[in-house]
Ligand SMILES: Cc1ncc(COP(=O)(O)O)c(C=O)c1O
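The chain that follows stands alone, in the form predicted alone, written as structure tokens.
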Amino acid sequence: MLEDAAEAHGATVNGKKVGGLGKCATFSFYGNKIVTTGEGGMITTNDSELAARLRLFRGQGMDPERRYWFPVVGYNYRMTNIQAAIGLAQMEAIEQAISERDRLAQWYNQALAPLQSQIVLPSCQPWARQVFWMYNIFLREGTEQRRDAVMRYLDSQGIETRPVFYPMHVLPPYAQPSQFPVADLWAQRGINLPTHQALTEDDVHRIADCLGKALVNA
């Protein structure tokens, strides 16, 4: 099993940290992630043979036992020392970052509670720990066009949002003739609200008020 843990730094499943659930996992350190080095990412694995092969491809394909000998076509995917230092420093404070995002999610849950007849709020099973890389909501009714109208209204009020990711089966490189109506429906109605640790409770209430007006007008 390969884990896509790109935004899940610190999340757990049945008490076990993501990144160690399968044979291999990938994390992203892009600038908007909970832990960032500005760009790049990380692969985790407990398979020593796979780890050696990944290091080979990461380092331009040069044989570690024979300098400047390239048995495979590799890539220059090495992280700089500066990027690594930034990432390690942030890892020292990851629990604080996650706690601050938990607090932000609680503010959102309280502020958006009156709108639950119109939107679906995030939920989490008791066997998992969610880390709120993004606070997502979903419209209970309407089309992608209505969702976009809500986002345009928020943007006009200085509130930046973004749609949730498209399902993989609709993207041209991975298009399939199969039908996935539930995934399509959720993707068309999903919105990422502002989610960062500098937000205040007053900010959250303003976002909730503007969202309520947007839902009425859309």
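For every residue, the number given is its place in the sequence shown, counted from 1. Keep in mind the model is a prediction, meaning the values are calculated, not measured.
The form predicted in complex with this ligand is left out here; the points below concern that form.
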| request: Could you check which residue among W186, F70, Y30, Y166 gets a heavy atom within 4.5 Å of this ligand in the model of the complex? | output: Y30
| said: Is it the case that W133, even though its partner is missing from this view, gets within 4.5 Å of this ligand in the model of the complex, heavy atoms only? | reply: yes
| request: Using the partner position in the model of the complex, report whether G190 sits within 4.5 Å of this ligand, counting heavy atoms only. | output: no
| Quick one: does L2 come within 4.5 Å of this ligand in the model of the complex, counting heavy atoms only? | no
| request: Please determine, with the chain shown alone, which of 32-40, 177-185, 52-60, 151-159 has non-hydrogen atoms within 4.5 Å of this ligand in the model of the complex. | output: 32-40
| Is any part of 1-21 within 4.5 angstroms of this ligand in the model of the complex by a non-hydrogen atom, and which residues would that be? | D4, A6, E7
